[in-house]
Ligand SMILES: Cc1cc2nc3c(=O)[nH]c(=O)nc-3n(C[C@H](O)[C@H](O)[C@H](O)COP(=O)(O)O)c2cc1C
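Shown here is one chain on its own, the form predicted on its own, set out as structure tokens.
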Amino acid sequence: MGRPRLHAGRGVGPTPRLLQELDAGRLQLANRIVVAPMDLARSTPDGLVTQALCKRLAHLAQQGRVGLVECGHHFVGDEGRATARQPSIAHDGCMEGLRREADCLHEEGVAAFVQVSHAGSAADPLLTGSRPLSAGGLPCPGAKRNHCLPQAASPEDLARVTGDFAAAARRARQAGFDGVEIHAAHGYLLNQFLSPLTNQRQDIYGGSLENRLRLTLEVVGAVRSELGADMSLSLRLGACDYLDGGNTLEDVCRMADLLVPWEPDIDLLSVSGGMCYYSRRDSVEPGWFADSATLIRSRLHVPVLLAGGVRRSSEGEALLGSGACDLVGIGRSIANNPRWAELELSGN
């Protein structure tokens, strides 16, 4: 791909941590700045990638100054669609646009991941035409009051959903992406199985933390089988719910232990929020989920990505220096400033 290798100044002083290279499993990143996945709402009503979406993604690449751009969540099956302008990776008819999506980032000299998701109970029935699926009939704590109650996914439903994730990974590989990120955070389907706030099942997918994590790990296995030896796999994990009755920091430690056998399959762990979604009411410090990320990083050898409220390069440097993460995700600050990387990394 010819990704650029960035340097801090002209050989003066140590290279900032943000600009140091990193091996993320099967992929070497030029630096540790990641454009976090965002819902850019620029697909067609059918979920096809548009030129406007590609133009926006190229803008986020900051002229090759970031190491990785994660394209915002693409729905893996029609029943799992969350929003009207969300892009699709659910059908082979999406392939032309997906190829353009990957190509536009490679042309900017950055690596490209595509995030894949199933919204579960957060799916919009007006878009899908069906009652949403979830672990059971419980809504997410942050669900809209007028949102219909979901139905409990049957074993057949779960087999189909797992197959949809696998097929999405195959399309990502054929489209030329460097990696796939599985979305298991922010109150979407996999997170709905993981959290005790929404999962009160009595079968092998409910009860213990090991059982609640089962669906996510089945999806990890199915996706890895489609990616082959050269593509990277990232897991965005909604580890802690930060809500009464939800997954706690103690549970986060147990999750990390359960993920240890899967380290050969996972190249990157993106630690985010669970049923609190992508923010925290009790924290405004940059790197909102640093406590969860630090615990996971201390137990696994997989590089950890942390996003949430990071606006300045100095904040990212501090998170890297504290041991909370190996990569820093930055979203809205880069989206709002086409020169963010240039200005921040030059010290201006």
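Owing to the predicted nature of the structure, the values given are computational and were not obtained by experimental measurement. One rule holds for the numbers: they count along the sequence shown, beginning at 1.
Although it is not shown, the form predicted together with the named molecule is what the next lines describe.
Novice: Heavy atoms, 4.5 Å, the named molecule in the model of the complex: which of 317-325, 30-38, 46-54, 290-298 makes the cut? Say which one.
Specialist: It is 30-38 that comes within 4.5 Å of the partner.
Novice: Could you check which residue among Arg171, Arg212, Arg236, Arg81 gets a heavy atom within 4.5 Å of the named molecule in the model of the complex?
Specialist: Flagged contact: Arg236.
Novice: Report the residue, out of Gly77, Gly179, Gly72, Gly120, that has at least one non-hydrogen atom within 4.5 angstroms of the named molecule in the model of the complex.
Specialist: None of the other options qualify; the answer is Gly72.
Novice: Is there a heavy atom of Ala24 lying 4.5 Å or less from a heavy atom of the named molecule in the model of the complex?
Specialist: Close contact is absent here: in the model of the complex, Ala24 is far from the named molecule, nothing within 4.5 Å, heavy atoms only.
Novice: Does Ala307 reach the named molecule in the model of the complex if we count a contact as any heavy atom within 4.5 Å?
Specialist: Heavy-atom contact with the named molecule at 4.5 Å: present for Ala307.
Novice: Residue-level contact is defined here as any heavy atom of the residue lying within 4.5 Å of the named molecule in the model of the complex; does Gln115 satisfy this criterion?
Specialist: Flag for Gln115 set to yes.
Novice: Taking any heavy atom pair closer than or equal to 4.5 Å as contact, tell me whether Tyr278 reaches the named molecule in the model of the complex.
Specialist: Answer yes; at least one heavy atom of Tyr278 falls within 4.5 Å of the named molecule in the model of the complex.
Novice: Pick out the residues of 172-202 whose heavy atoms come within 4.5 Å of the named molecule in the model of the complex.
Specialist: Residues within 4.5 Å: His183, His186.
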